[in-house]
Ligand SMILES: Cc1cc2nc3c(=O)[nH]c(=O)nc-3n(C[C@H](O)[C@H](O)[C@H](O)COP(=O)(O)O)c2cc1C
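Okay, here we've got a single chain as structure tokens, the form predicted alone, with questions on binding and movement later.
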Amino acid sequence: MSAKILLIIHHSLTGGTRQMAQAAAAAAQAEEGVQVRLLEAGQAGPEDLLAADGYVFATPENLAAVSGVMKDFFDRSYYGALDRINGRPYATLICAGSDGHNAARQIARIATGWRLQPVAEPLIVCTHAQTPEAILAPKQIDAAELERCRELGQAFAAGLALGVF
């Protein structure tokens, strides 16, 4: 039996979302029977979605929305994957300054159009960055929050390996 592929697509300007995606990927990679592909959103496309068995979409929330680079990925990939990835599982990681729920709703709407199945509630890490300087500053995600990301990655990979989803 071939390994299941977990595709983690991410975008990060200040490093916060990247740390979250890397934590999920590291934990998922430890699961036997799962291969993890960690791709920058600007480099990913519909062919990557078609080749994977499950997805983690990781983005910062910018101006109450997914990042522009993540939106571009969805725009470029949507129709190429439409009706070809139905039923596959997904999860969401969001790095936000204050809320994150709007970006999570955007991804959920796109995933609904693709007929994907959520395997977890959106994992939102709030950095409380509220000034231009804090928003643009490099981020260091708290160890406890990174542990939550690792747990999501491990659980997702275990579910894929066991055929739960």
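From 1 onward, residues are counted along the sequence shown. It should be emphasised that the depicted structure is a prediction, and the values quoted were computed from it without experimental measurement.
There is another form of the same protein, the form predicted together with this ligand; it is not shown, and what comes next is about it.
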Checklist line | N62: touches this ligand in the predicted bound form, heavy atom cutoff 4.5 angstroms | finding: yes
Checklist line | Proximity of L146 to this ligand in the predicted bound form, heavy atoms at 4.5 Å | finding: no
Note to self: When the contact criterion is heavy atoms within 4.5 Å, does L13 count as touching this ligand in the predicted bound form?
What the structure shows: yes
Notebook entry, point to check: Could you tell me if A96 has a non-hydrogen atom within 4.5 Å of this ligand in the predicted bound form?
Noted result: yes
Check: Can all three of T17, T127 and I135 be found with a heavy atom no more than 4.5 Å from this ligand in the predicted bound form?
Finding: yes
Check: Looking at 25-33, 39-47, 114-122, 98-106, which lies within 4.5 angstroms of this ligand in the predicted bound form, counting heavy atoms?
Finding: 98-106
